[in-house]
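Given as structure tokens, the chain that follows is alone and in the form predicted alone.
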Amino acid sequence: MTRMKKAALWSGVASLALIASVGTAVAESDLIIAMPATNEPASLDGHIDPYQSTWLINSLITDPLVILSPDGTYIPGLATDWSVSDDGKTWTFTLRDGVTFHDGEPFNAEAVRANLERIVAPETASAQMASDIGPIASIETDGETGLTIIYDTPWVTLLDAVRRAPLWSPAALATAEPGDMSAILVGTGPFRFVDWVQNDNITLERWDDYAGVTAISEAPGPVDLDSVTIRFIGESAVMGEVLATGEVNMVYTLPPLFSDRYVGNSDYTLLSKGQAGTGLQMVMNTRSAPLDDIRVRQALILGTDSAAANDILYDGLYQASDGPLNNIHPCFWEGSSDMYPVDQERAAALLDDAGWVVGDGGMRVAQGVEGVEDGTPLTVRYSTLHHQEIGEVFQAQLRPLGIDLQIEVVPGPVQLDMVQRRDFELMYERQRSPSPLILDQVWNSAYDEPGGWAWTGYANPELDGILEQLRAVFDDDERCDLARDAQQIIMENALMLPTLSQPIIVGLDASVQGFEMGAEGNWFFLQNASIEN
């Protein structure tokens, strides 16, 4: 793909004309955030919706029990301190006293219990948060501020769950109609939920009674910002230019190719941070042809060149993600980078051996493949929520091998429905966390169930045994060793197609002060933010 092709992907006069539809000039003390339309959630209730953008928006409305600080340590949120028993089965929290929800109801241990019980209740149909919180055996309260969570099995990763879990007013939850976000989203945080115009924007306003007592706030009391409006924008060209036009004062996930527009300009600030996690991986459905054959799975990996895709699409500004955990993850297994070097000849030999032979027009067809009619073309669906351009580069790379990679872009709810019906071949699945626990979520066959995140259909007792230990081992180095063993098994069995890792670039107008990015690029804090004109 040439530079001319890249320009066509990212810009165009017609696309830039869409900037006019984004809105009017920014007002004082109103933070207007441009966010990719693909980040718009299906629901804003993080007990149910499984996406990072939902939890991020929730964090502006309600404070969590603990906070993952910008330096990567856990600091007090609505819990002032906590401890875990030596066996990892009992967690004890001391909660803040005197905090209230937006509706005036008290925040206390019973409120936390009500939220946790709602999350894990089957009727809630939590798509991920329930599995993160885990199989709670019981919850005990001691007055207003004492809370104990008890498990029958070690659950040493609870902090990583509760730092994302939103806490809603139990009174609001009891009276809200399902789907009524204005009634459900009643928290303790710096902003109140005002409105959600789907496919357009979400509006929040400052809560004047905000306590501001968590460890992330520099001073108690309400925040300086009057409001926050998140505008969802579908055009990359608009995302790249809308900060410069003054229509917004912050861009979350600035397209990398537009960063030169702002670098070195004192009117703007650019912040960039990687996202430790799985990267933009594509997991493989091993239940049926053609991906039930490891030789085909290996051929796909050998036949694709993600480094070339990075150069073609992003001028090399994305990051490598060579395995089940990306290369910046603290538990990355370096062997992932060497196992499948780009090798089209080896890929072709594997396909020949698997019974996928070159037919008319150079595309491969089945010949003696079990369960597949002879002459069936070798087509592989590549289903993704976004970044379809990576799939398009892979499509061009695999065509000389005779593989027809078919790209389809689906929204989140459709993705989850496809997964539950097992109707996919390559499916985008991204988890973001510096904890290796995300491997357990994606690859432990125990979660190959409705609502689970183990999608491939692959089951290996050795792998499952390693992954289960991630929830029981306290020592970080030992957990990383387990994670590296798991990654080796996953790569040896060619269960996922590595692509790239997306850094988050945030563009800010220079008037925005006190903005803080989290320890992960996909998180930020506004408790100390202001607009200085």
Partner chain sequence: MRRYVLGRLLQLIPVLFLVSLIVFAVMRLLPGDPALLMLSGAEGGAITPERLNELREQMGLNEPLAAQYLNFVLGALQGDLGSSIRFQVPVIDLILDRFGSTFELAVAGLFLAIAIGMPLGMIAAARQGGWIDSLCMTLSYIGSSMPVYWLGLLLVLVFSFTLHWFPSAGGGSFEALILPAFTLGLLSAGVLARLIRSSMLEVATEDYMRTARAKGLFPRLIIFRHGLKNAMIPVLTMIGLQFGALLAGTVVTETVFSRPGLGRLIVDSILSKDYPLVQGAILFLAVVYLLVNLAVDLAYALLDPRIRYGN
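What you are looking at is a predicted structure, and each value in this text was computed from that prediction instead of being measured. Numbering follows the first chain given and starts at 1.
The form predicted together with the partner chain is left out here; the points below concern that form.
Proximity to the partner chain in the model of the complex, defined as a heavy atom within 4.5 Å, holds among Gly361, Pro461, Gly264, Pro122 only for Pro122.
Note on the partner interface in the model of the complex: the residue among Val296, Ala165, Val242, Ile230 having a heavy atom within 4.5 angstroms of the partner chain is Val242.
Among heavy atoms of Val369, none comes within 4.5 Å of the partner chain in the model of the complex. Taking the partner from elsewhere, Pro50 is found to have a heavy atom lying within 4.5 Å of the partner chain in the model of the complex. Interface membership of Glu235, defined by any non-hydrogen atom within 4.5 Å of the partner chain in the model of the complex, is confirmed.
Although the partner is absent here, Asn249 sits far enough away that none of its heavy atoms falls within 4.5 Å of the partner chain in the model of the complex.
Annotated contact segment (heavy atom within 4.5 Å of the partner chain in the model of the complex): 194 to 202, selected among 398 to 406, 303 to 311, 194 to 202, 88 to 96. Scanning 404 to 418 for heavy atoms within 4.5 Å of the partner chain in the model of the complex gives Pro411, Gly412, Pro413, Val414, Leu416, Asp417 in sequence order.
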